[in-house]
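Shown here is one chain on its own, the form predicted on its own, set out as structure tokens.
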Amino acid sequence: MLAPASEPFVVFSNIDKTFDGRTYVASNLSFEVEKGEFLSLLGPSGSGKTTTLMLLAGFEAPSSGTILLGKRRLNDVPPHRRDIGMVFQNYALFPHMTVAENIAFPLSVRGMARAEQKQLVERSLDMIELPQVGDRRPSQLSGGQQQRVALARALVFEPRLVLMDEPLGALDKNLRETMQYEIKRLHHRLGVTVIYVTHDQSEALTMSDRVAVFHSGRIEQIASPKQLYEDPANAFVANFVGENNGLTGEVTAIEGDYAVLSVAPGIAVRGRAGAGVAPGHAAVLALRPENISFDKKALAAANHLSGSIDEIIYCGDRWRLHLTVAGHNGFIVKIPNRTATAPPEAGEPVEISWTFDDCKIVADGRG
């Protein structure tokens, strides 16, 4: 948990970026990052997240707006004077150098004495738990080891800020998950500020203090992983972050903190009312598959719908069921795999339910 900070460490203020004067790859970006925070920039390809990172690193210049790092205006500061570490997806290690020489490179360009370089390199190799590989070439290491070396190189000169551009994208699934926890552990130990670009939702939720969801050059929502997943601001966030049963319909009423959404003739559901939701407007149901139950016991303050099971998929720790509900197919239910109970059979009619508080009615961005 981050301690309250007196002032932000990184500030983007009304940043625009265009390459041709017509199309904006970043539009009116304004956000702040606290010192020691781990912020992930999450979004689909072309959403502007990597451009945002390049603007902060100094490899791109904003078309308008201001970027601050520790009160210092960065707009006209060259990349090598920003005191920022960088980790890339392809590692970017020098193949003709040893591991130790790669890690020492940022120190040598800063004119540090060799004895001090050696001490810091040894400390960095201990930090990434690879003290024995200093004399090897990068090609003699596994992908995970190379990424650890790239991380050590970015941290060795003790930068105020570390930027990571999809650093685990080239690794296989198991190694990627291992490295997620490795980076998270180093972040907590060192207290360095990290801004991390990814298109992997689970990666962002696992590693971050906060996540900024990008879409078409804008931030749709910036919040903690829990808030982002359980309380999405709009339909794009609900559908992009995790899996969502996004039934669409028209809002027919607002009842206190809840909205009523008509999803088919004669069929309506209730849920927490999101910002901008109003009667007569199109909206989307934000409902996570794991919040749905087949429990036939009547629940007060719950939605009940009839459906039929189209497909059942065994996923090891859970069952994944595809249903047709209210005339919509592709409705997903996830239930834990317990030896004492079995899921319903394919083709079987079912009754499903979930509480009003376990879903949210959010504005449909298309409208």
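Just count from 1 along the sequence shown to find any residue number. Remember, predicted model here, so these are calculated numbers, not experimental data.
The form predicted in complex with a small molecule exists for this protein as well; it is not shown, and the discussion that follows is about that form.
His199 is the sole member of Arg82, His199, Lys184, Arg218 with a non-hydrogen atom lying within 4.5 angstroms of the small molecule in the model of the complex.
For the residues Glu290, Glu177, Glu166, Asp231, the 4.5 Å heavy atom test against the small molecule in the model of the complex is passed only by Glu166.
At a distance threshold of 4.5 angstroms between non-hydrogen atoms, Glu32 is out of contact with the small molecule in the model of the complex. Proximity of Pro336 to the small molecule in the model of the complex: non-hydrogen atoms within 4.5 Å are absent; the residue sits far from the partner. At a distance threshold of 4.5 angstroms between non-hydrogen atoms, Ser27 is out of contact with the small molecule in the model of the complex. The small molecule is not shown here, and in the model of the complex it never comes within 4.5 Å of any heavy atom of Pro62. Segments offered: 65-73, 300-308, 44-52, 318-326. Contacting the small molecule in the model of the complex at heavy atom distances within 4.5 Å is 44-52.
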